[in-house]
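So this first bit is one chain, no partners, the form predicted alone, shown in structure tokens.
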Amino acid sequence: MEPGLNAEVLLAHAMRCDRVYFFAHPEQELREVEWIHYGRYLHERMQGKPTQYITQKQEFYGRDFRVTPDVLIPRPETELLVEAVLERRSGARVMVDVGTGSGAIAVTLALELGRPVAAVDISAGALNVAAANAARLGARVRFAQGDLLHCFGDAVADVVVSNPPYVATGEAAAMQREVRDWEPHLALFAGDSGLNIYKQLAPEAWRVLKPGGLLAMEIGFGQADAVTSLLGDWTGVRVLPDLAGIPRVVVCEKR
């Protein structure tokens, strides 16, 4: 987010209004309490705290989601993952979102399809945020705490979708401090190669999916070949680029 836009968003948050309000009322002076809040927000931002964690809000698929340092901030690129599932399995009865975080993927799918979705995360803090988002937005999502798909039986799902951790631990030093120092490492890092979760998730998804079931995963920059090489038993393997042309999502089906 550009510095000017950051300042405007934080000012609007301090004034408890939309940004368009103070553009339409340039003559309005801030009350003392608004100055105090605005100064605190600017100080937090200067320390590297992401604007989304200050406002506790991030838009995803046209809806506002609450975010805290317990969850990864949803990125616009992840909307491609949702679209991939909607295009390929809009009639699926059982969908599971693995590593749900804020619940952005599960809640969006539940609302777009008008049916329940299951979601799992290993973090209790993340599940609290996700459950609150589902309740506020009126989405029917069943949440469970667990590691990947260990709490699900065999051949029970039609879709497994995930935006898993995929950053190699050695890349931490080169990351933006807003990400490295503030977002949960549990949702970011996946071993020396960044592939640890994919190596676990692919066989787990194979066990949980019904024949013909869909696995859809977001991937990191430069990981397309490495991830698809783990999917030798799957069929219909495709890599989907985001709007910038960067390979972003891998989809495949259980034979």
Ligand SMILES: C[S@@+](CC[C@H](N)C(=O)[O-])C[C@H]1O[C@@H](n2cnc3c(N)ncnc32)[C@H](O)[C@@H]1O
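Keep in mind that this is a model prediction, so the values were computed, not measured. All residue numbers refer to positions in the sequence shown, first residue = 1.
The protein also exists as the form predicted together with the named molecule; that form is not presented, and the subsequent description refers to it.
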Of 108-116, 86-94, 159-167, 131-139, which is the one stretch near the named molecule in the predicted bound form, taking non-hydrogen atoms within 4.5 angstroms as near? 159-167
With the partner left out of view, is A187 within 4.5 angstroms of the named molecule in the predicted bound form by any non-hydrogen atom? yes
Proximity of D147 to the named molecule in the predicted bound form, heavy atoms at 4.5 Å: yes
I'd like to know if L230 sits close to the named molecule in the predicted bound form, meaning any non-hydrogen atom pair within 4.5 angstroms. no
Contact with the named molecule in the predicted bound form for I197, defined as at least one heavy atom pair within 4.5 Å: yes or no? yes
Thinking of P74, G99 and I122 as one candidate spot, does the named molecule come within 4.5 Å of a heavy atom in every one of them in the predicted bound form? yes
